[in-house]
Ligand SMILES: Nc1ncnc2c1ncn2[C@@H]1O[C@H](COP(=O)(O)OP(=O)(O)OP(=O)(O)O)[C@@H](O)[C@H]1O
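Below you will find one chain, with nothing else, as C-alpha cells; this is the form predicted on its own, and questions on how it binds or moves follow later.
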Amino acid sequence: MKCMVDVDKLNKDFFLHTQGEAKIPVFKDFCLKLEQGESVALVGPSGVGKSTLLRLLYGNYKTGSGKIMVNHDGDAVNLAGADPHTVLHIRKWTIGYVSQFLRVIPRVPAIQVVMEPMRVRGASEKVSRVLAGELLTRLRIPKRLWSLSPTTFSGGEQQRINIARGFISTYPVMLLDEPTASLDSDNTESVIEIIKEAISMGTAIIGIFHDEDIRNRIGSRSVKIQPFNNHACSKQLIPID
C-alpha cells in the first residue's frame, strides 16, 4: 500500500501571549502513518488534541518541529516546512478537509459553495453544477434552498453543505472533524455511504467520530490520543486493538 501521510516526531506547543507567554504543550514526538484506502478514527476525551491534529495536517497550524510528509503529485512533500503556495496546492489537489463549522462568504448561494472546489480545479460550470446537485439531493437539501446562502440554514443543513463541498472533488486524503455531528439518522447514513465510497476509491481518511458505531463502520483502525505524562501534558497516539 502507498503511504499517503507520514507524521514523524511532531511537536506542537501553544503560547498564550496575553498571559505572560504561558506555554501549553500539545504533542511530543508524535508519529502516525496513513496508507492509501485506510481509514483512521481518532478517539480520546474532548480537548485532548484531536482537532488540533487535523489542523496541523491541513497546514492551519504551524508545527513546532518534526515532519508531516504528504504524498503529493507523486512526490513526498514536507507540509510542516512548505511555503504557502505549496500548502494551497496540496489543499487543492491532495488533502480535503471537512471541519466542524461551515465558513463561507455571505450571500453566495449554497450550490455555488458546493461547486467551488471543482471550479477552482478548472471544471466547467455545467459539470460542477450537476455533481453539486447530485450531492445536495443525496444529502436531502431541498432544491428551493440551493439558491440561498447557507449562512441562513440550520446547523444540520450547514453541516451537509460542508460535507457536499468536501466530497464533490476526489482527494487522496480527507480530514473529517465530526462530520455526522448534529445530523439525524437518515442523513448520517447518507454521509457514511459517501465516506465509504471515497475509501473504496482509495481515499485515505483521518476522522473524528464520537459515535462508536459510526467509528466501527468507517474506521480501518482506531487510535487513541491520551496524556503522554501528567507533568508535560503532551500527547501520543496509542493503537486500539
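One rule holds for the numbers: they count along the sequence shown, beginning at 1. If you're wondering where the values come from, they're calculated on a predicted model, not measured in any experiment.
Unshown form predicted in complex with the named molecule; subsequent notes refer to it.
- Exactly one listed residue, out of 51, 63, 187, 182, brings a non-hydrogen atom to within 4.5 Å of the named molecule in the predicted bound form: 51.
- Note on contacts: among 174, 26, 57, 198, the single residue with a heavy atom within 4.5 Å of the named molecule in the predicted bound form is 26.
- Within this chain, residue 33 is remote from the site of the named molecule in the predicted bound form, having no heavy atom within 4.5 Å.
- Contact annotation: residue 178 falls within 4.5 Å of the named molecule in the predicted bound form, judged by heavy atom distances.
- In the predicted bound form, residue 45 approaches the named molecule with a heavy atom inside 4.5 Å.
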